Every structure is written in C-alpha cells, then in structure tokens.
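Below, in structure tokens: the form predicted alone, a single chain.
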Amino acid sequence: MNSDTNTDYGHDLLFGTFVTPTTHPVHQAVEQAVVADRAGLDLVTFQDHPYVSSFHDTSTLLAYAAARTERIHLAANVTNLPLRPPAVLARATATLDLLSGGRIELGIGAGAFWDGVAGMGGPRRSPGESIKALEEAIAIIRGIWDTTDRSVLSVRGKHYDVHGAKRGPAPAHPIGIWVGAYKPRILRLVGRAADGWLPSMQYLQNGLPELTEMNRHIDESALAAGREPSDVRRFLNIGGQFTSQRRGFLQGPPSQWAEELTEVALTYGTSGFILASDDTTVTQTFAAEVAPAVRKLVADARGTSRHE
C-alpha cells in the first residue's frame, strides 16, 4: 500500500461479524449473534437471500436476534430490496429499532441473483434499473422515517410509486443506510444519498487497491451533492483465518491481522470491519485480540491515543 494515497475520514472504528443465516442448526445464527454481543463487538450482520430455502428469513432473524442480545447493533448485509417493498421495509426497520433501543442499521443492495428473485415473484431488473430503483427506495425510506414533515409522503418513481403514505414511526436513532456497491454509477449514488458503503473484500477484482478509485467516485459525488466525503462511513466485509504462522493477508496470528487492518483503515479510510464468522472461537479472538489492537494502532497513528 502506498502511504501517498492515505485517506482517513476520521470515524471511530467499528468491528462486527457476518453470520450465515442457516436454518440448521435452527438457532445457530442467533447463538452467534449472542456470542458477538457478549464478546463486545459493535455489530452483527446477516446476508439476505429470501430465495435460499436453507436460510432463515433475515427480517425475522434480525428481530429474534435483537430480542436475544443487549447492546450490539444488527443489520442485514445487505437487504434484498427487490423482494422487500421500501415503504414496508422502512416501517419494519424503524419498528425494530424502537423495540431494540436503537440498535438496528439498514444495509441495502440494488439486487442480484435475479433468477432467484424472479422465482420468488420479484422483478428482474437490469443494472441501470436496479440502481434507479434503489435511489427511489432510499427516498421513500427516508420519507417514511421523517415525522417532522406533517404531509403525506409522495415519491413518484418508475419502479416505486408511493402516493399518500403516512409517515412514521420515526426510528429510535438515526439509522444508517449502508449500500453494497462496486461499480461507478452505484458508487456515485452512495456518495449523494447513503450513510455508509458496504463492499466485500472477496468481490474486489483487483484487490484492496481498488478501494482508492471506488472512494474517489463516492467522494466526488458527495461533494457535488453538497455533502462531505466523511458523511459516508466506509465498511469492509472481510474473511480470514487465525494461524500461528503468517500465510498471507488475514492468514496469520491476531497481531498480524491488527497490523494489516490498521493499514487498510489508514490507507483507504475503512472504519468498519465485518468478519465472516460462524465460529465462536474465531469471533471471540477477533473481538478480544484484533479489535482493541487496531483501535490503539489507529489512534496512535492519528495522534489521539491516550497512551502516548
């Protein structure tokens, strides 16, 4: 990584897990949420593929996991918008945020796996159509949450036509809308309309350096929309293995992970690391040994460490 390209948006660091919503064993995903909560992580997330019969329905799983946990935030990673109407999704998310004491975030995507979506009765959209639908959906979701506006909500779009919807309930806290995105057009949407960007490391075709160009699309779009680049938090879904010897990126001891994630944070502005884990020991090691070390190393680099 080249230090000349360092980017730091100044956000506090968040650490979480990406748990498979498997139906077998039936409570596996919920128990892993409880593990993450007790380990002191900030976030637990579940993928949302309603057309996969071996997965729990993610909206139901989030509600059950929220009831079983105490302090951790929860989100889909990411919500399958084509199968979840945005006005209903907004109300469901706000309701769960209220019931959980402000612990719900909204990861959302434009859609993928269109055969599965169509098989469940959803629309089949082109890339351009899916991005436009997502932009309309975000406007609807924010409109439903905005109870300061006493008028009924009307968003006349090509894919979603909401006219006369009553607003509310307002969520318990400002829910983050985090978009999974990779291509320039949807990255520009992130810059002008989203609170967070949620890519997965495994889908970066050219590796981590690709984040630099992706960040540029987000930053330029944010500025053009009258926002600051720092208005968009940068996440990264990651995978790896704890081993006694160094074998590659995130393939080694916790100290190696801490060094590597610190470099990612300082080079690309990533402030949220979400580890794919269905294993109690892996989750606990990530929480106990990696997260605190990265926080300290980043704080040292920023010159804000209390240990200086």
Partner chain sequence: MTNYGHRIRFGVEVLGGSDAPGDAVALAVLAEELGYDLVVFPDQVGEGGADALSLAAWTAARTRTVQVAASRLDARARPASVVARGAGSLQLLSGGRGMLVLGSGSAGEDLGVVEEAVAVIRSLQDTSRSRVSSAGTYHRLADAEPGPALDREVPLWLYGADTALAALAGRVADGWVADLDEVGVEGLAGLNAVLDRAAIDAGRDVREVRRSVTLTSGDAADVSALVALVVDHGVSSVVLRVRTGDATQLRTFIDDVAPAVREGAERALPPGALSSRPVRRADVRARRRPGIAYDHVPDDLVATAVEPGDAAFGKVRSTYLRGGNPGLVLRQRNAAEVASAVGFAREHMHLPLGIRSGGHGISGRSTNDGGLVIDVGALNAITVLDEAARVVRIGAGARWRDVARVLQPHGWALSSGDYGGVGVGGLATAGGIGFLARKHGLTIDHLRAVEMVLADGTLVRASATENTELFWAARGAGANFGVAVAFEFVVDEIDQVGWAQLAFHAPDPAAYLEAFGRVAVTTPRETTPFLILGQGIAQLMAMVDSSDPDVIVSQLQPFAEIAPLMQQQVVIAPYAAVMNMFPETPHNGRGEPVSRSAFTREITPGFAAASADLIRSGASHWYQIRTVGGAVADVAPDATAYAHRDANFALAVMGANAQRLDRWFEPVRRQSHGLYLSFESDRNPDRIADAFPSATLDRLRRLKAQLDPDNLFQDNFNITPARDHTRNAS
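Residue numbers count along the first chain shown, from 1. This one's a predicted model, so the numbers in the text were calculated from it and none came from an experiment.
From this point on, the text means the form predicted in complex with the partner chain, which you will not see here.
- Three-residue candidate spot Leu187, Leu208 and Glu213; no residue lies within 4.5 angstroms of the partner chain in the predicted complex by any non-hydrogen atom.
- Site annotation in the predicted complex: the residue of Thr95, Ser154, Ser230, Ser151 reaching within 4.5 Å of the partner chain with a heavy atom is Thr95.
- Proximity to the partner chain in the predicted complex, defined as a heavy atom within 4.5 Å, holds among Arg125, His159, Arg84, Arg192 only for Arg84.
- Contact with the partner chain in the predicted complex, defined as any heavy atom within 4.5 Å, is confined among 269-277, 256-264, 47-55, 32-40 to 47-55.
- Looking at Leu223, you'd find every heavy atom of it more than 4.5 angstroms from the partner chain in the predicted complex.
- The closest non-hydrogen atom of Ser100 lies within 4.5 Å of the partner chain in the predicted complex.
- At the 4.5 Å threshold, heavy atoms of Lys183 stay clear of the partner chain in the predicted complex, well away from it.
- When contacts are judged by a 4.5 Å heavy atom cut-off, Arg68 counts as touching the partner chain in the predicted complex.
- Residues Gly119, Met120, Gly121 of 104-128 are found to place at least one heavy atom within 4.5 Å of the partner chain in the predicted complex.
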